[in-house]
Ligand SMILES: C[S@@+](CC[C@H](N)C(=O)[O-])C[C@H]1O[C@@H](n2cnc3c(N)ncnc32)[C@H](O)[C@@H]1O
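Encoded as structure tokens, the following chain is the form predicted on its own, with no partner shown.
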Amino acid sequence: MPEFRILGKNPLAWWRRTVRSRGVIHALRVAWYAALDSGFDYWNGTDTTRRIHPTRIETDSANRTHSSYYGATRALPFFGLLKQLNLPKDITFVDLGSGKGRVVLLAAEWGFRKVVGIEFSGPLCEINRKNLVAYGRRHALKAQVEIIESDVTQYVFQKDDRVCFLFDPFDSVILEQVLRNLKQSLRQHPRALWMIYNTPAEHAVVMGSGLFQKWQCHWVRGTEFFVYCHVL
């Protein structure tokens, strides 16, 4: 008999693990906000929620072996975090490993001047573009949006790229190269920069890069974000 799973997870295993590590109250809070988020695609006509195993992600990139599950960042925690941070909006927001584009949609609605999604899977980029059309029918998307089909290690950061976002999309091998590229960009174009890391599995790698002078953990409606800041 196949294992019972919801969005790629065994709910009973998740419950036991979360209660052991964080306690019952935290587990209930996370479950509640997950339930609220479950209707996102239904209400918006999009396809963002279903998790995808790395072996099922279609790409020609040799770096697929370093990728993680595709999963969608929850909307309410993401908006709650942006409200707390109060970041400038006249800048570019870059989603590194954007998948089907849930965060691209949310950042565009939030009102950043430009939002860029970097994704190495052509089929996922196509879903992202379709989601933009569907989401735009229901929401006022204020940003210029660009979806780039590319391995993130090949992306050249631009001088207006000042917020980078990750939802645990790849391992330390890829993250180290991305951070080296980002460091080079900051040398060429000194600027303040924030990196938002949802579920920060490679926190030690980020700190080891020496790029960020400040960082803070934010628990927002059951979702863990680490926010790193590079200051001038």
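None of the values given here were measured: they were computed from a predicted structure. Residue positions are given as counts along the sequence shown, with the first one as 1.
Keep in mind the form predicted together with this ligand is missing from the figure; the text below concerns it.
Proximity to this ligand in the model of the complex, taken as heavy atoms within 4.5 Å, picks out 116 to 124 from the listed stretches 156 to 164, 84 to 92, 116 to 124, 133 to 141.
Shown alone here, residue 172 lies farther than 4.5 Å from this ligand in the model of the complex, counting heavy atoms only.
Residue contact check for residue 46: none of its heavy atoms lie within 4.5 Å of this ligand in the model of the complex. Although the partner is absent here, residue 40 lies well away from this ligand in the model of the complex, with no heavy atom inside 4.5 Å. Though the partner is left out of this view, residue 109 does not reach within 4.5 Å of this ligand in the model of the complex, counting heavy atoms only. Screening 201, 186, 205, 57 for any heavy atom within 4.5 Å of this ligand in the model of the complex leaves a single hit, 57.
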